[in-house]
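Just one chain follows, in the form predicted alone, and it is written as structure tokens.
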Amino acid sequence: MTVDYLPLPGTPLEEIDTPALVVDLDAAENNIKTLQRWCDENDVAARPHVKTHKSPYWALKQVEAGAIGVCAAKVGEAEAMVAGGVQDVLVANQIVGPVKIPRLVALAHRARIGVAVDHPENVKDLSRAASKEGVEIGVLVDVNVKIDRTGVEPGEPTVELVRKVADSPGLRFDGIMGYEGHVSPKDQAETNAVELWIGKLEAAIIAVEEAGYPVRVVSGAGTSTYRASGSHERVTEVQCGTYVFMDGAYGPESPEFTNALTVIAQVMSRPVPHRAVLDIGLKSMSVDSGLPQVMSRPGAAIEKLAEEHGILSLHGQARNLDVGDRVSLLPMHGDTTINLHSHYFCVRKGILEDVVPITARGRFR
């Protein structure tokens, strides 16, 4: 039996063992309020994406603030949310196969469940499973508006799939999902990206409604695009995820949100004056979007990460770092870093308030 050595509430931040995934509660809660306030003012619903935080603890905070529910990437994430008390989950992805579909359908006995589709055979399989269980699954037809990933093309392909959904027992056609992906404000301004993806979304909506099918829900957008997409009169809900904590990649793009998540590491070796070695590596920090940023240590920078070691180059004042000193790191990609950890250490004003399990980590099935 393993022991996690989890600290008790009331523990000062500087006494929490490292590496530790630390959340500033005031900052995270303010981020939740900031998005919800914008949604309320612009008459659009918040449906936060849990692929970032992977925890019912945070999902329930978002719902309590006013979110209509959440969306997830995988059935495993949805299962964790429903088990944690979340009552409205959209799986904003295609769920296929004889193992995953029954799991998705089973959740509809306990919560309001939706799913995205882009293929008629998948619609047929979902309908058969839902009918067998005597439940109804809400369906959004996924439309490719920009990123050439999943989704049918606007126009007749969208109409054909909507017709298939509407005619399928056990399924309820709710509307359309059009996710434009990560688009920086600079790219939005320089390439008219907003007009391009919104134009495709509008074309899909018009074609479907002209065919006689009301489009009640139009879902999409992320942390970098919610203002552009969410301001459109037909968009009914936004799927922002990263905003709750932010990270090094999104921070400059959405300054209305504050960095709330860091990984605390400790100096474990000082072999030469210009180098320190931290007790953090690839097993506790992702680098898919770049090396983490060192916070509040002028002259210190992460040079590379090995499995269990973080190599820190030191200049000027940073050369005063000694063995046992602590360093705060900002991940460039929060989602994939969070997936490496088992718990959040939630801190308010430097004092541990809660240790929260990341129950949906590794739920990629």
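The shown structure was predicted, so the numbers you read here are calculated from the model rather than taken from an experiment. Sequential numbering from 1, following the sequence displayed.
Quick note: we don't show the form predicted in complex with a further copy of the same chain, though the next part is all about it.
Exactly one listed residue, out of R227, R128, R103, R112, brings a non-hydrogen atom to within 4.5 Å of a further copy of the same chain in the model of the complex: R103. When a further copy of the same chain is considered in the model of the complex, only one residue from D174, D88, E180, D118 comes within 4.5 Å through any heavy atom, namely D118. Among residues of the shown chain, K54 is one whose heavy atoms approach a further copy of the same chain to within 4.5 Å in the model of the complex. The shortest heavy atom separation between C346 and a further copy of the same chain in the model of the complex exceeds 4.5 Å.
At a distance threshold of 4.5 angstroms between non-hydrogen atoms, P357 is out of contact with a further copy of the same chain in the model of the complex.
Using a 4.5 angstroms limit between non-hydrogen atoms, P252 is distant from a further copy of the same chain in the model of the complex. This chain is displayed without a further copy of the same chain, yet in the model of the complex the stretch 266-274 from 266-274, 160-168, 131-139, 203-211 comes within 4.5 Å of it by heavy atoms. Annotated contacts: A46, S219 and R234 are all free of a further copy of the same chain in the model of the complex [non-hydrogen atom within 4.5 angstroms]. Interface residues of 310-326, taken as those with a heavy atom within 4.5 Å of a further copy of the same chain in the model of the complex (partner not displayed): I311, D322, V323, in sequence order.
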